[in-house]
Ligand code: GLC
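Just the one chain here, the form predicted alone, laid out as C-alpha cells.
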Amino acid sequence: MNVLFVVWENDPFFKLGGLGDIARSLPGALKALNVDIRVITPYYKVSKFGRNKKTKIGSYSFIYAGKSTKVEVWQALNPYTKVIGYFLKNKKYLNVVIPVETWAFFDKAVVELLKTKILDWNIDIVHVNDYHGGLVPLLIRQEKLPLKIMLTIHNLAHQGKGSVDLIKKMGLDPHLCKILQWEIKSRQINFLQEAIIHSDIITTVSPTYAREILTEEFGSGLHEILRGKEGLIYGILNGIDTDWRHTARNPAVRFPYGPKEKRTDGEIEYYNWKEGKPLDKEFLQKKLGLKVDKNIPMFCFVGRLSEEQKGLEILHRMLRRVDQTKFQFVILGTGERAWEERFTWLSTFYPKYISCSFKFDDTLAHQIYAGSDFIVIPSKYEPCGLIQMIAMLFGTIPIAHKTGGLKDSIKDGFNGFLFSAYTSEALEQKVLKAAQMWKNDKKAYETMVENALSSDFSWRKNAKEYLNLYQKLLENKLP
C-alpha cells in the first residue's frame, strides 16, 4: 500500500504548529504498520535539513499563469521516523508563503509530479491535509488519475479562500467546475470546500469534532456540504510521540522524572514524579522571577493567543476576578498583540504570581509542563488538541472546555477536569476545585496525576484506524 501524504509543514524540516508534528508522527506510525507512506511539502527558503542528506531526484516543467515553470524535486529521510520526504522547489512560488497562491501552485505542482515518472513509485492513495492541499483532489479528478483520495480536516475554520483567477492560472476553466459557480460573483474559490467535495473519504482529528462540524455552530459555513458527505466522515483522535521529545525526560527538563522510581540512565538521573515535579517547579519559579513557594499550586497556558479559538476572553476575565495571590499562573505563546498587552498588564500587578512569555520557546515549554501542576485549555472549540496529551505525559493535569478532542481525551475527574458551559464562571469553578484538591486532598491529586501519566496517547492504536480506512478505500468498501 503506497500513500502520498500532502501537507504544508513537516517536522523537523519546517514546522510552525501542531500539523508539523502530525506530519512527522502519523506517517512514522503508519510506516511501522508496513504502509509505504511518503510526505510531500514545499521546499521553503527556510527549510532546515541540518546533517540530513538531501538528494535532487529530478525536475519537471508545466504551464502556470501562461508560462512554463520549472520545479525541482528533492528527497530526504526524516531523521526520526526514516519516512521519505519529497520537497518541491521553485523560487518564485514556493520559497516563501504567498497566501493563497503558494498553495494553488503547490497543488498544481503535486499533481503534475504524479503525471511524471520521477518518483518511480506507484501511488495508491493521496492523503491531503487541510486547505493547503485543497485543490489536489479537484486536479486529480480533472486529470482522471486512478487514485483514491483521503482528506483530513485539522481545523475547519481555516479554509483558504482566493481569487477564481488562480483557477485560470492553473489552466482550469472555472465554468467547467460546477461547484465554482457558487462563488463566481464574489470571485472567490474556497480551497477546503473543493477538497471536501472531490475527496473519496474525509477524516477529522477527533470523533467529537467529526460530529460537531456537521452543525451550524461548528461547521464554519460548510456544514451543509459536509452533511452531503455524511457516512464518509470519520473521526480519529490524533496521537503524539511518547518518546523523550514529549516527556519529562526531555533534556530541556532540569530535573527529569518518570512515573516510576528514581533511577539512573547513563548520565541522566530520573526522579520519581513526586520528587522531580516540585524541583522543576522551584527551578521554574526562579527562572521566571515568581515567588519561590512549594506550597502554591501553579497553573499554565501554553499555545496560540487567538481570541477566535483559544478562549482568551474567559481566561482573562477569570484571572481578573479571582484572588491571584492564591496560585501562580504562567503564560507562554505568541499571537494577537492586543491579548499580549492585556495579560502583560495583569502581570505588572502580580509580578510574583503571573508570568508572561510571548515567544516560541520549546525549551521553556517543556520546563513549564514539568513545573506546573495544572494546564488550562479554555478553547471555544478544539478539533483535537495535542497540548493536553503532552501535558499529561508530564503528570500535569488539564482543565479544559468540553469540546472536540478535549472531550475525547480527558475524562472528567479521572485524568483532568472538564467544564461544559463556555463561560469564565465555569472555568473559574474548575480552577478553584483543582486548587482545592491540590492543597487539601493530596491523595486525590496524586491519583489523578497517576491516571494522567498512564493515559496512552501514542499512535499505536489510532494509526491502525487510518490503516483500516486506507484498506476500505482500496477495496471499495465505503458506503
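In this text the structure is predicted, and so the values were computed from the model without any measurement. Just count from 1 along the sequence shown to find any residue number.
Omitted here: the form predicted together with the ligand. The next part is about that form.
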query	finding
4.5 Å heavy atom contact, residue 238 and the ligand in the model of the complex	yes
is_contact(residue 371, the ligand) in the model of the complex, heavy atom dist at most 4.5 Å	no
Contact flag, residue 148 vs the ligand in the model of the complex, heavy atom cut 4.5 Å	no
Residue 139: touches the ligand in the model of the complex, heavy atom cutoff 4.5 angstroms	no
Candidate stretches 109-117, 194-202, 153-161, 294-302, one within 4.5 Å of the ligand in the model of the complex by heavy atom	153-161
Heavy atom within 4.5 Å of the ligand in the model of the complex - the one residue of 324, 90, 188, 309 that qualifies	309
One residue of 378, 383, 134, 395 in contact with the ligand, assessed in the model of the complex (non-hydrogen atom, 4.5 angstroms)	383
Those residues of 81-115 which, in the model of the complex, come within 4.5 Å of the ligand by heavy atom	none
